[in-house]
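A single chain comes next, written as structure tokens; it is the form predicted alone.
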């Protein structure tokens, strides 16, 4: 599947109808989602025929992209039942098979490296300090091949240090810098949208 075709399909997906500020719910736009998953497959071979987990899947945009790129199995995890309802409708609309699980990522009890690849757009940690690190730690415990994750560029050194020193990553590499258009979703937002620099990271876990 070509990048433009993937972005077009993701652009038709439903997004949060009533986003929850405490969960830092922001939609992962089709531009970023398509490039994230397309790069994971075409540069590294980490999606097609692989078991892919989407942590904090929200409305399922990254999950859908993985399924459209022919992942062997896609599992989306999220704590919010309303988001999972929307994600399920999106999967049905695209006619792709995705399993959705309602759970708290920080309390996930998967034994060992049960998925090949984790993809995620975690909370940036602006409402709950350290939320992004909790997601990264959990992802590196269950992935056997790679973790792809979006983090604010301003946290780059902190992310790299934590991944390599604290979370047992073998490697931590920024594979591209993207612009995240944050729409005005909440009352405390002053501007119509904010453009945030984000890094797309690829982490490799150490093999036990």
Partner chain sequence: MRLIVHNMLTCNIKGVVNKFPLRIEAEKVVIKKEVDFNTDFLRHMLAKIEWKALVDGARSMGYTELPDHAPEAEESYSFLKKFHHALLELHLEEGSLVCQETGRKFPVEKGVPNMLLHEDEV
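Positions refer to the first chain, counted from 1. Quick caveat: nothing in here was measured; it's all calculated off a predicted structure.
Just so it is clear, the following notes concern the form predicted together with the partner chain, a form of the same protein that is not shown.
Among the residues 51, 178, 68, 162, the one placing a heavy atom within 4.5 Å of the partner chain in the model of the complex is 51.
Annotation: in the model of the complex, residues 97, 100 and 113 each come within 4.5 Å of the partner chain through at least one heavy atom. Using a 4.5 angstroms limit between non-hydrogen atoms, residue 129 is distant from the partner chain in the model of the complex. Contact check for residue 144: a non-hydrogen atom falls within 4.5 Å of the partner chain in the model of the complex. With a 4.5 Å cutoff on heavy atoms, residue 89 does not count as touching the partner chain in the model of the complex; it lies far away. Mapping the unseen interface onto this chain, residue 93 falls outside it, with no heavy atom inside 4.5 Å of the partner chain in the model of the complex.
Contact residues in stretch 55-86 (any heavy atom within 4.5 Å of the partner chain, taken in the model of the complex) are 72, 73, 75, 79, 84.
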